[in-house]
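Next come structure tokens for two forms of one protein chain, structure 1 first, structure 2 second.
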Structure 1
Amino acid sequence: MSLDLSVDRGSPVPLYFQLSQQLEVAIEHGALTPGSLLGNEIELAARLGLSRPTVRQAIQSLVDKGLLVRRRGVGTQVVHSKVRRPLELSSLFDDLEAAGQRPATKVLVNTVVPATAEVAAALSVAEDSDVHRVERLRLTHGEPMAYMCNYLPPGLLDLDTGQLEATGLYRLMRAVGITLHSARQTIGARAATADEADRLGEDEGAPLLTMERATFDDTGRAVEFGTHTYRPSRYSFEFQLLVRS
């Protein structure tokens, strides 16, 4: 590792936090790529004039965030950067691709089901009428990041399992001429159920980010209703706030 790292001993910010922030920025910006080794704690401590416990605390904070992993016989290795998704109408697949995260998709369910009251209201269809249900597991660098359950009106597009695993749902919609215009979205958090924990590689009861979204085309037609769960160690939503005058 050859990074320009430094600490300011006159700053009120703890030394371990200064170091962890610089390493996190290096991971986010690609200076430390997935799979690269961070280096020996002793060497890093000597290089920066820090104590070994301070360096260990900085590294552990990034291990806790899921950015680094300690591998026996290998050392401390960069796993991936955390995905910060802007709050706009975009596809998770496209966002991951743009962030260099190498997305992959595993289709768990691809079928037609009767619409529940909630799904019927979101898609403006009759309750118990047929809707398409797709469940997918989205992975990056071989690790699960999100579980997505989506409902679509019947006949909207051909939901081929192979295509769903090769690309994003919104990209498939755009390919058949559907113009996505707006969405109604709710973000929350809750504890993982046993099934969710098993899917996402988390412990039962671990915190998960949740998102519920109804998407509309440029004619006002509802084209998709989805409920998603995300691992917060790998994923966050990014807001831009403006002050009202």
Structure 2
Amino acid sequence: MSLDLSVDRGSPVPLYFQLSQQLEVAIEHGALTPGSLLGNEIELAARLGLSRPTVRQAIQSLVDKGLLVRRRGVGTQVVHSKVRRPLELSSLFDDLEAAGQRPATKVLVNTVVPATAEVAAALSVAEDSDVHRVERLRLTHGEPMAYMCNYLPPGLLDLDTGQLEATGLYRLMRAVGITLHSARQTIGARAATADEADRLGEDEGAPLLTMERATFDDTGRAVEFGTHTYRPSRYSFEFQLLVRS
């Protein structure tokens, strides 16, 4: 019939993962067309020499990604819509780079300050204790696009201005072994103050898109808190949502 699936038992990569990846690229390439049935799990397991739980685990991971839908008594089929990426904890830098925008970063401030009440609460540190403060301007095509002010708890990372201009904050964190886990995020809008307008090349009172985010690692420790403002003409948040079963 259709698919050319196989698994390598010698590989250290889990069998269910090998299978799910092959299915994913088949869907991506259109080898598995939207709406088509995937064939029952039992037979698929037999064909690959795998057990049914393993096959189910592979399928389940794709269901969680929104690529497949299971129907009891019917089968598993490929979802029609072009689901691309569900919402991830993405970094602005990575997003822009993926879009081929060649982002440039200008570090405005890189210092240590006493934590305000708001920052202290977000980072779970004592008020007035030392925290890093980084202010950056993100530019694309030589034009300012976002102004970002971030706070980090002390001792987590030594923030080198040169590195900050070459890459993104999240990438620096990952590089020192911090595993990002979750983030709490608020998106809103407001009119630009004179200072903000000046920094972003807008007029005072112009609408700005605002984002506030606290990021946590896998132990639940707050590793970053930031308030960002974006020029709405040059940036908007776009993402895919999945309904929680």
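If you superpose the two forms and keep the largest set of C-alpha atoms that fall within 1.5 Å, you have the rigid core. Counting starts at 1 with the first residue of structure 1 and goes up one by one along its sequence. It should be emphasised that the depicted structure is a prediction, and the values quoted were computed from it without experimental measurement.
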(request) Have a look at both and say which one is the form predicted alone. (result) 1
(message) Is the shift of Met211 between structures 1 and 2 large enough to count as movement, that is, does its C-alpha move by 2 Å or more after the core is superposed?
(response) no
(message) After core superposition, I'd like to know whether Pro34 moves between structures 1 and 2 (criterion: C-alpha shift of 2 angstroms or more).
(response) yes
(request) Take the rigid core as the frame of reference and indicate whether the C-alpha of Pro53 shifts by 2 Å or more between structures 1 and 2. (result) yes
(message) Once both forms are fitted on the core, what is the Cα shift for Ser20 between structures 1 and 2 in Å?
(response) 40.0
